[in-house]
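In C-alpha cells, one chain follows: the form predicted alone.
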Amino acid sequence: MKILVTGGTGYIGSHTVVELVKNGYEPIIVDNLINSKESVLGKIEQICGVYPKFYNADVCDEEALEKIFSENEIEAVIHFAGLKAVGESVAKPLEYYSNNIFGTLVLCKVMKKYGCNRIVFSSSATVYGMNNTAPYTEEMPTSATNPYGQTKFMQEIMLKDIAYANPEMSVALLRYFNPIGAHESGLLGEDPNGIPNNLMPYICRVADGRLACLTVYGNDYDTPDGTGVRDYIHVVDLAEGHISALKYLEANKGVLTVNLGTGKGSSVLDVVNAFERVNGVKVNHKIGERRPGDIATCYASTDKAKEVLGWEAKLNLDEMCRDNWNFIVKNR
C-alpha cells in the first residue's frame, strides 16, 4: 500500500517512514526541505534497506501534488507538513495561517480528486488551550492561544467537516504531546535549523557547547519542583502510533480523535536531571521569568489510544534522553 507522507524528511515524519517500511507499506515523501535535509533519505535507507521515493515540493503547490497523485496510486496520507514554532507563529501569523491551513486545503482537494479517502493528521495537545485540567481527555473543549495552535484547531475542524460530507472518508486526528528522543541507531533525530524552540534540542546544544545556558522559564508553578510539567513521548513510540492509526482507518470510516502521549508528566528539571544522569554530561541552566501563555501542567489521558488503537508508549524518560544524546554525539 502506497502512503503519501507530507513533511516526511522532518523529525517525526522520518521516524514514521521507517515504521511504515517495517510494517510493509510503501512510503512516498513530499517535503520542501524548509526545516529538514534530503540526506535523511539515505539514513532511512541505512536503517531499513529502502530508499524512499521523494518529491521536493510544497503541499501548497496544487500542481506538484497533482503530479504526485497521478504518478502513484496513493491509498492514504499521513500529513505532517506545516510550520510548527509557537513563538514564530506569534511574530508571523500570516505565514502560519496561509501555509498550514492552505496547504491542508490543497491536499484535501487533490485527495478528493484522486479518490484517496484516508488521512492521518498531525495535530497537537496545544488545542486543549489554557482552561482544561490534566490529564487531558479527547472529549474536553478545544481552543488555542497562539496562531500555531489556531491552525491546528482550524485544521481539525476542516478535516471533520470534510469527513462528515463524505461517508467514505476516514480521518485520524492525532494530538501529540511532547516528542523527544531519536532512533536508537543515532541516524535520525531532531536537530532544527537556528535556535531550537523545544526543550530537548536546546538541552543538547547546551550539553555539547553550542549554546551557553538553558533558561528554565519559571520555578513557581504549582508542580512538585515549581517548573512546568509536560508529557514527553519518545518519537519512535509516536511513530508507531501513526501505524496503529493507519491500520484503524483501513477498517473504519469517520473521524477518530486520539491523544498520543505517555499519560505521565515530567517537569523541566526532571528532564534536565535525567539527561545529566543518563549521559554523564552537564547542562548549564538558570531560572528565568515565566513565559506568557505557558501553563503549569499538561499531560495526556491515554485510555482511548489503548482501547481503540491497542497502542501505548513503551519507552521511558531515561531512554528518551539516552537516544537523543546518542544522535547528537554521532552527528556532531
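Quick note: we count residues from 1 along the sequence shown, nothing fancier. Everything quoted here is computed from the prediction, not taken from an experiment.
Keep in mind that the form predicted in complex with a small molecule is missing from the display, and what follows is about it.
Shown here without its partner, the chain carries Tyr97, Thr142 and Met158, none of which come within 4.5 Å of the small molecule in the predicted complex through any heavy atom. The single contact residue among Asn117, Asn198, Thr257, Asn132, judged by any heavy atom lying within 4.5 Å of the small molecule in the predicted complex, is Asn198. When you look in the predicted complex, the only residue of Leu187, Val216, Val106, Met154 with a non-hydrogen atom within 4.5 Å of the small molecule is Val216. Checking 163-171, 118-126, 70-78, 248-256 against the small molecule in the predicted complex, the stretch whose residues place heavy atoms within 4.5 Å of it is 118-126. Contact check for Arg291: a non-hydrogen atom falls within 4.5 Å of the small molecule in the predicted complex. Although the partner is absent from this view, Tyr148 contacts the small molecule in the predicted complex, with a non-hydrogen atom inside 4.5 angstroms. A residue is said to contact a partner when one of its heavy atoms sits within 4.5 Å of a partner heavy atom; Ile243 fails this definition for the small molecule in the predicted complex, lying far away. The shortest heavy atom separation between His234 and the small molecule in the predicted complex exceeds 4.5 Å.
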